[in-house]
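Below, in structure tokens: the form predicted on its own, a single chain.
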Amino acid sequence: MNYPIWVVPYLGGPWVIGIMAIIHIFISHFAVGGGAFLALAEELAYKRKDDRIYQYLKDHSRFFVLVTTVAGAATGVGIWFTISLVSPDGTGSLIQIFTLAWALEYLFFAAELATAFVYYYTWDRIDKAAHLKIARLYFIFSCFTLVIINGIITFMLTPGKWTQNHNWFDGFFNETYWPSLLIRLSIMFAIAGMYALVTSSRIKDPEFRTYMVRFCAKWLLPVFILGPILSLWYLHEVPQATIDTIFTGIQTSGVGNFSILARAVYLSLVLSGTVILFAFFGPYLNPRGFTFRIAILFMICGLAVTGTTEWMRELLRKPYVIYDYMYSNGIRKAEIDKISQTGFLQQGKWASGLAQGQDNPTARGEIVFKYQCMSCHTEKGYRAMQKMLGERDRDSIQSFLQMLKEHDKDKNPYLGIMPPLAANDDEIKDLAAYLSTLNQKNKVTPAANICLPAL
């Protein structure tokens, strides 16, 4: 409410973040897991004095550097760009809370990039023992970036004691920190194996290709063995309200708003099981029949699993961007009561400026909609308000909005999945006036200068 709104028609801003984040995560996880793969595979080559493995790693490292440093860095910048536009309040809070952690992460990231380039450009220029040390050093630096980022990501779901003492260290090492760290490491090893299967499937020597394909398939074993145990540990530490939402969705048999999280859990489990079975019966048991095309399909499956799992993780903390502190629309939980009494358009720095001197109720309602609803909904498109409202008239919409303002879950069944509506009675009437126009052919002229240029 203190910044301009970035409007993304039909798709919605959160999906822009999601698409960018899923691609970046699939690449950045390769940066860490791939570092472990390079180090262990090169150690194997060093002990066996196998020039074939060395040549394979030399070719694979070119692919590795291009993907992680070019595509990884570009999508990383893309994430910062999108989250700053879609969720500036949440982004600003994370920067302020973890300033020191971000600074350390930047240093390790710079060291990681430098080591990756040194590793690639020193092939055949330094002795093999020294080159192996560089591979190990790269893996250490990449792990430190994971250690730091994991603390910030898990904080968003389980801020821990930080909500009481505002000590960033307590928020960093929160309840889900360790299970999440171990889960991500096992996933990173699996993703490293998926990427390596692509390059190993192109080896010309049939005997050596069979050996390397089977070696790469083994990198999925940690997530297969430890994944279920670590996932149960992780879910045990998430807020009870989230678990209740999952079971509510299961009990309603996949129907309604409460089932979205349950369906994400189902999909993640099904896709994960599919990938594990594919890896076992494909490259591990039948490495000779594993081709480059199958490897690409396997990568696509891995990307689908990564996307679904990250989507599920994001849903776990809804309706918050920082659990129990800040809602997805950027309004802090502690501010809800005050805003509901004094009015939303009197509090937000940017929103109040837009509403100043605005006499049109529909235009004022549009401002409220953009700031409080567009973090999850669009007018027409993903979670479209036009579809959800149907043919409801202004009075029925106003009654529904009054319900969303309630803090009692018995009166407001959406309380666990949507932020409470923070608005006074006049603003609720204005919002109802605006929403009632969405299905009319002759819409009123939108309020001027409410948002930045659309995507």
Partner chain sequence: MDIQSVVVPSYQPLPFPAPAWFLQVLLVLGFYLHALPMNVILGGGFIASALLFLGRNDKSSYTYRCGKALATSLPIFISFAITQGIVPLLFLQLLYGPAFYTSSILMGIAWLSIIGFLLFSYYLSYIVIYKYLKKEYSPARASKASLILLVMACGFALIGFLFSNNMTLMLSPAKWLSIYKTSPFGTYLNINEPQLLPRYLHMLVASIAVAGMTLGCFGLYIKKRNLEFAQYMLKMGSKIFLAATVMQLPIGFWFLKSIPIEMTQKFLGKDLICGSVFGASMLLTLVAIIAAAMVVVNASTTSFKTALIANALIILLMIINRHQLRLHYLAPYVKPDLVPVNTQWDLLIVFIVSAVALIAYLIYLSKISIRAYAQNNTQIKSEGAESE
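Residue numbers count along the first chain shown, from 1. Computed from a predicted structure; not experimentally measured.
The discussion below concerns the form predicted in complex with its partner chain, not included here.
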Can you work out whether W168 and its partner chain are in contact in the predicted bound form, taking contact to mean some heavy atom pair no more than 4.5 Å apart? yes
With heavy atoms only and a cut-off of 4.5 Å, decide whether K133 touches its partner chain in the predicted bound form. yes
At 4.5 Å between heavy atoms, is E237 in contact with its partner chain in the predicted bound form? no
With a 4.5 Å heavy atom cut-off, would you call I300 a contact of its partner chain in the predicted bound form? no
Does its partner chain come within 4.5 Å of a heavy atom in each of Y3, Y325 and W350 in the predicted bound form? yes
Of 100-108, 195-203, 280-288, 306-314, the segment with heavy atoms within 4.5 Å of its partner chain in the predicted bound form is residues 100-108
Residue (of L157, I187, L354, M212) lying close to its partner chain in the predicted bound form, criterion heavy atoms within 4.5 Å: L354
In the predicted bound form, the residue from A241, L226, V270, I126 that sits within 4.5 Å of its partner chain by heavy atoms: I126
Just to make sure I understand: among 54-70, which residues lie within 4.5 Å of its partner chain in the predicted bound form, judging by heavy atoms? R62, V65, L66, V67, T69, V70
